[in-house]
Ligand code: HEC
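This document opens with one chain alone, in structure tokens, the form predicted on its own.
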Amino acid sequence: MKELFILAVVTVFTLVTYYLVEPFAHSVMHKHVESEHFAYADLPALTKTGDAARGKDLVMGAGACSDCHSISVAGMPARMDAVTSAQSYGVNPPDLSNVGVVYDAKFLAALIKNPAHALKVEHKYTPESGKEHPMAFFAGAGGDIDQEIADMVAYLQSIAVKQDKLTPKMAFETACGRCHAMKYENWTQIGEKPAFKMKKDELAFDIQVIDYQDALTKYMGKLPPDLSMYIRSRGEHYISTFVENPQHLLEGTAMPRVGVTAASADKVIEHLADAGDTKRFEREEVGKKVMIFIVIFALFSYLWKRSIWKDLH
């Protein structure tokens, strides 16, 4: 019984140290922000029912979206390559094929109407700075602008895949992949790095990546970090709340609000977890078996000890 008492005391002190000291240290070093549940309460709700057919005409016409964005699902390639786009706009504008499912509808509407406000980067584009956001705002096509924007959002939603068909990788590439690399997933800001047969072709691709990163660094102020291990260094809650509203955790940051839905955010985080901890499911299963083994081993060790020492106590 003496050994069991010592074990209990050590266990209690270990748990107290971990569950009181470690969380306290974490709370001091990392600001805690509660999730807003991706509600985007500061953005106005859509009050109009959109018409996808009219929205298509606006996206392709007066909205001028196709001047900068590709829409691969509609057979419309980008007018410029990723590097040239980044050198022109600071970052390569996203393909619009799946923005209707990845991004929140209120956010999309606000983004079309006032990009800097929707992205929460107005502090970068003040009259004093003399800078304007590279995405042009939609001033309307002569009718009810709120109706026109609702129509455009309806079109973007109509061409996107359904939520259950949206993979974690697709969500990441649409929401994050133009600014952040993931070397463990072979992902660069200009796309997945192919397997080259010729070294000169690989070098040419690497030069394109560097040129893109140079333009992105100039636009953002610094190169956005590689996200391969971010899920392990920051944790799921931090990443989720940071994506939801970067200004809450890092006031004045150049990172824009991403505007994803809660479901899409979960898929982005799942992709990060897949990259940063590829063996997590296997490890969890092994961990359960190890814990069962330890309990059984401890039980038999205790019974063996009593059998050996019973005549000495």
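The shown structure was predicted, so the numbers you read here are calculated from the model rather than taken from an experiment. Numbers for residues come from their place in the sequence shown, where the first is 1.
The form predicted together with this ligand is left out here; the points below concern that form.
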| query | finding |
| --- | --- |
| This ligand contact at Ala181 in the predicted bound form, heavy atom, 4.5 Å | no |
| Ala136, heavy atom within 4.5 angstroms of this ligand in the predicted bound form | yes |
| Non-hydrogen atom contact Arg234 with this ligand in the predicted bound form at 4.5 angstroms | yes |
| Contact test in the predicted bound form: Thr253 vs this ligand, heavy atoms, 4.5 Å | yes |
| In the predicted bound form, the one of Leu166, Met220, Ala82, Ala154 near this ligand [non-hydrogen atom within 4.5 angstroms] | Met220 |
| Answer range among 200 to 208, 237 to 245, 184 to 192, 158 to 166 for contact with this ligand, defined in the predicted bound form as heavy atoms within 4.5 Å | 237 to 245 |
| Within 69 to 84, the residues that have a heavy atom no more than 4.5 Å from this ligand in the predicted bound form | His69 |
